[in-house]
Structure formats: structure tokens, C-alpha cells
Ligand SMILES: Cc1ncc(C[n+]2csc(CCOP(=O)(O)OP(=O)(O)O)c2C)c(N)n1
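A single chain, nothing else alongside it, follows as C-alpha cells in the form predicted on its own.
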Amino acid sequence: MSSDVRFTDFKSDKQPTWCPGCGDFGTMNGMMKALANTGNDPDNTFVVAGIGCSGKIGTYMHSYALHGVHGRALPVGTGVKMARPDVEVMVAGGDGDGYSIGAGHFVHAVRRNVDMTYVVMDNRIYGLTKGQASPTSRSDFETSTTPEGPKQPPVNPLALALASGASFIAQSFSSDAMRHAEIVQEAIEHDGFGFVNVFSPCVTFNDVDTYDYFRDSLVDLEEEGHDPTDYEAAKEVILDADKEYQGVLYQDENSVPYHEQHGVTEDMSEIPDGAPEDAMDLVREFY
């Protein structure tokens, strides 16, 4: 940990290839600011990403990183945290990567309460594959593959997290730079699984959920006096489908992260030479 780290220290020398105006620029900048503000540095940070427009974020950030396979970023992040509990693990993904093919892993990472931060760039569209409806698209959202809309209710990732036993649930807007960075910072500082769903507009394929739409629609829970430690109050705003909320919706102040629950406190990445004692006896018992 260092107090001398600046957010620019987390910038790599690779230039992002996102579309000009993509919300992911603001999402990534907030992640880097939050990491620097919490005293982390690139040498103790591991970024894991899945597949989608968000997938190359580990290339654009200067840290240890792994570009995983579709929907499987969270299991990789879990493995890193179990092997090196001293490392700051940040997992990044999109609404397709996280709430479709990766939904099962999302549920179990949440309920295990692994001490890492999961930032989802939710643009309510499959952007990398040129504009198909995603799990969070509106039921009447018209695309080339759903000309009359998906005709399915969108997934509510906040409700899914709450139902899975989440200890920290938040939502931010990539264009509100200061609040976004503050919210991600709170997720990093939380002892447990810090989940942040980020409204990250796609300027190329989604002309409905735009920057202007979110600026006009967002309700900041901090300004509303919301108490994130109140479970019932959190449930009420999470299930409110008529408003778009920003802020920390729920936080369990008594959260105990997974590695502490299971006594994993030391570096487990170094494997000693030779098989563990009595390992061969166990093998013979089953084979």
C-alpha cells in the first residue's frame, strides 16, 4: 500500500480501442482513481476481465491482469484471492458477460462473499457483437435480432445480488466521475464482495439508454438520505423498477470475507516440492 500512488500510475501504454464516447472510458478512470485513493498500487493489484467491450480493460490498466473466457472472470478472481489474500483483486465485466453466461458464477461469488470488487459495465446491449439485446435490455428494446423487442423482463442484477446474500450492492454512472469513483472506492474498502453495477452507455448501438437519459433519470441515494445498512430499505429501492438509482444500496457492516471465514491468511501461491503427506494413500483409496 502506498500514499504516493496516482491514478495515472494505473494507466498502461496501450490505447483503448473503444468507440469515441463509450461509457467504459469513464468506468475505467473511476476504477483507477478508486484504487489509487485506497492506497493500492499496480504491484499489488490484479485485474480480471471476461469477454465483451469491457474485456480488454486489463490491457488498458497497468497492473497484473488476466483476460479470461466468457462469463468466467469471477472464478479466476476467486482463485487469485484464495492464493494471495494480500492482493487487491478487481474483476471487470459487462452485462452480457456477467448476467447471462456468467450468471451462475455471479450468484456463487456473491454468496461466498469473496473479498474482491466486481465492476459491471452495464450498457444494456451486446456491443462487441454489434448490437443485440442483452439480459438487461428493456422488454421493448428493438435490435436487428429482436425487431419487436426481447419481450422478456430485463434481469435486475441488484435484486439477484440481494437474493444471493450480497454484503455490498451499489450502482453508479460512468459519466458522473466523482460519484462513480467514490462508489467504487467504497466497494474496494468493503470487507467482502463489493458489487458495483455501472451505467456505462453504448453510444453506437443503444440510442435509448443514453447519457442524457441517465442524467435526467438518476436519483442519488446519498442525497435522499438512504441508509444502506437497512435491509428493508435496500430491498425497497432495489425492487423499484420505476427509478434509476445511484449510490450504495445495501451494505452489511458485519460482513466477514470468505478467506477469513476459512482461515486463509497467508500466501498460498507457493507450492512446496513433492506430494503432500499421505496424499498417495488417499489416491490408492479411490483408485
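Only a predicted model underlies this, so the values are computations on that prediction, with no experimental measurement involved. Quick note: we count residues from 1 along the sequence shown, nothing fancier.
The same protein also has a form predicted in complex with the named molecule, omitted here; what follows describes it.
J.: So, His70 and the named molecule: in the predicted complex, are they within 4.5 Å at any heavy atom pair?
T.: Yes - in the predicted complex, heavy atoms of His70 and the named molecule come within 4.5 Å of each other.
J.: Thr129 versus the named molecule, in the predicted complex: is there a non-hydrogen atom within 4.5 Å?
T.: So Thr129 counts as contacting the named molecule.
J.: Is Met61 part of the interface with the named molecule in the predicted complex - any heavy atom within 4.5 Å?
T.: Judged by the heavy-atom cut-off of 4.5 Å, Met61 is well away from the named molecule in the predicted complex.
J.: Taking any heavy atom pair closer than or equal to 4.5 Å as contact, tell me whether Ile125 reaches the named molecule in the predicted complex.
T.: Ile125: contacts the named molecule in the predicted complex.
J.: Report the residue, out of Ile51, Leu221, Leu218, Ala234, that has at least one non-hydrogen atom within 4.5 angstroms of the named molecule in the predicted complex.
T.: It is Ile51 that has a heavy atom within 4.5 Å of the partner.
J.: Quick one: of Val208, Ala163, Ala83, Ile101, which gets a non-hydrogen atom within 4.5 angstroms of the named molecule in the predicted complex?
T.: Going through each option in turn, the one that passes is Ile101.
J.: Pick the stretch from 165-173, 93-101, 179-187, 150-158 whose residues have a heavy atom within 4.5 Å of the named molecule in the predicted complex.
T.: Result for this chain: 93-101.
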